[in-house]
Structures are given as C-alpha cells and as structure tokens.
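A single chain, nothing else alongside it, follows as structure tokens in the form predicted on its own.
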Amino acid sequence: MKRIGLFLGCNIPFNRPDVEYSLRFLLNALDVEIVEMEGAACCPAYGTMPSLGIFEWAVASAWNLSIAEEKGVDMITGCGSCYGVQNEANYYMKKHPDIKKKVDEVLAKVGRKYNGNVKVWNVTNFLYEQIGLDTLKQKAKYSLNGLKCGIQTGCHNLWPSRAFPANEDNVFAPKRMREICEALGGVAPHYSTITDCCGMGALRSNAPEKSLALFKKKLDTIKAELDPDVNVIGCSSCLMQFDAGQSLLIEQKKINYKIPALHIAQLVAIALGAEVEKATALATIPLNGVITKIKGGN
C-alpha cells in the first residue's frame, strides 16, 4: 500500500474543509494510507514570509518537510501555494548549501533535521503519476458522462517548473488535469487562456478590484470558448476565486452567467463515490446540474 503525508496548509482547513474531506476520501478509495502531519505549520505561502526573509522562509518550509521525512513519507497537498513554496524551498536549499547549513543549525535547536529527501506532490501529479489513469477508470463508480470541464491548473502548480519533481511535459500547455477528466468520462478542451492567473493570492488581498477584473477576463474567455458545465480547479486558492469570487462578480452585476467550480479532488472523489453533500458542502455556485449529469442524468 502506498503511504503519503497529507499536508493541508491553511486555506483548505480554514476556507474549504470540503476539499479536505474529498482528499481523504479519494486517497482511502485508491488504497493510499494517509499519514497525518502532526505539528505542520504554514507552508509559508508566497506574499508572506518569502517576501520578508528567504532564510526564515527556508526554515519554516524545512520544518514541514522534516516532519514528513521523519515519518518516511512524501507529501501531498491540494493547495498550489503549498505545493509551489515547499518544492521551491527544497530546491533552493539544495542550490544554496550555505543557507541549508544555517537551516540545519536552527532545526537542531528543537531536535529536528532535514536531509532533503521528501517529494511534495499536488493532487493532479499524484493521481497522474502515482495512481495512473487506468486505475482511476477501474476505481470510478460514476462516469462524468461527457461533462464539459474548463481546466484551471493554477500558477503555482506549474511554476517554478525547475523546482518540481513532477510536472507537465509542457507547462505552457498543461494536459494532466484534462487527461484525468477525460479518463473519468468527461471532455476537457484546451482554451486560449488556460495558463493565465486567476487573480487570487496577494492581488486579491491588496487590490481586490484588479483581482476580480483579471479573473473576469479569464472567466469570460472560458465562457466564450468552452461554455463548460463546470470549471475544474487544481488549487484551493483558485477554487475560492472561481467559486466565491465568481459569486461576487454576479452580485456586482459584472457577469450574467454562472459556471460551477470543483477542485480536482472534489471531482475525483465524487466519481469514486464520495458523499456529495460533504464533498461540496461550501460551494456557493450551485452544482445541481453537474451532480445530476455525473449520477447519470441528462
């Protein structure tokens, strides 16, 4: 049986615990043993500690990585920032042994150490490489029945690509999430702004109007080019933008349509037989039509 450390980060437990339920469900359904990351802290995300001090950022990330290393497991996360930051910190420490030495000195003060042996996976890459499309097909209890999916991989799931132990063949034309959706019976066409940022993160915190304008441009393109049944999201922060952010645009009368949104973990969990009410508990854009289609309706 495969074993994996589940790193939840901040956004998922605080904002979208339904994604946590989905992650736990799909890992169990796919016969992957979940190892709890007791004592794990913030990743820490872009826009926070990395902006204030590279050394401090490396220490905080190494703390989390050392927990997984001590337990003898790699890590999986549903958050693009957690995935990107911790992979980048790992890569940075290998490239800068002087920083790694100082990090080791700090960790030693609390009885910890990190040797650099942990891989950090996002959900998409773990499913694609460690589980495989054929296994997903075999384990699925429900087909997506031609569900048209608009894919949002998420910036930090793609870049900085050199730092990631697993990634797309071409990060400018991501296909892994598309292939997962198609393996489960959906349709996931390419569209022109598939790699564009959704505007979440620090921009949403510091300039919400600019953030929503950037998101609206992307959402309008998805609507015009695909008119999907659902947007499938690879990052918990992107999910917040595509769901709650879209609700704000509707409330502000800046768009006159609704496109439901699901994290890739939620979509896969539902296909594997998860309780829909728990897997989608905090969605703000109604998912009735999506669920009906997955469950065999029209």
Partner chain sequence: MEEGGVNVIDLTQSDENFIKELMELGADELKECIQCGKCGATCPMALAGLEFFIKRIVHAATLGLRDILLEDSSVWGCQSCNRCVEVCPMDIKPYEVIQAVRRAAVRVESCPANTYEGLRNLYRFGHAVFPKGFEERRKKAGLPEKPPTALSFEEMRKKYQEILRNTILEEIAPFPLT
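All values reported here derive from a predicted model rather than from experimental measurement. Numbering follows the first chain given and starts at 1.
Although it is not shown, the form predicted together with its partner chain is what the next lines describe.
Undergrad: Based on heavy atom distances of at most 4.5 Å to its partner chain in the predicted complex, which listed stretch, 190-198, 125-133, 173-181, 138-146, is the contact stretch?
TA: The contacting stretch is 190-198.
Undergrad: Since exactly one of Met49, Leu27, Ile259, Leu272 fits, which has a heavy atom within 4.5 Å of its partner chain in the predicted complex?
TA: Filtering the options by heavy-atom distance leaves Met49.
Undergrad: Lys2, Gly72 and Ile291 - do all three of these have some heavy atom no more than 4.5 Å from its partner chain in the predicted complex?
TA: Heavy-atom distance to its partner chain in the predicted complex: none of the three under 4.5 Å.
Undergrad: Hey, in the predicted complex, is Lys101 touching its partner chain, heavy atoms inside 4.5 Å?
TA: Because no heavy atom of Lys101 falls inside 4.5 Å of its partner chain in the predicted complex, the answer is no.
Undergrad: Considering non-hydrogen atoms and a 4.5 Å limit, does its partner chain approach Asn117 in the predicted complex?
TA: Asn117 lies outside the contact set for its partner chain.
Undergrad: Could you confirm whether Lys217 comes within 4.5 Å of its partner chain in the predicted complex, counting heavy atoms only?
TA: Yes, Lys217 lies within 4.5 Å of its partner chain in the predicted complex.
Undergrad: Taking 4.5 angstroms as the cut-off for heavy atoms, does Ala224 touch its partner chain in the predicted complex?
TA: Flag for Ala224 set to no.
Undergrad: Taking heavy atoms and a 4.5 Å limit, what residues of 1-40 are near its partner chain in the predicted complex?
TA: Residues within 4.5 Å: Leu8, Gly9, Cys10, Asn11, Pro13, Phe14, Asn15, Pro17, Asp18, Glu20, Tyr21, Arg24, Glu36, Met37, Glu38, Gly39, Ala40.
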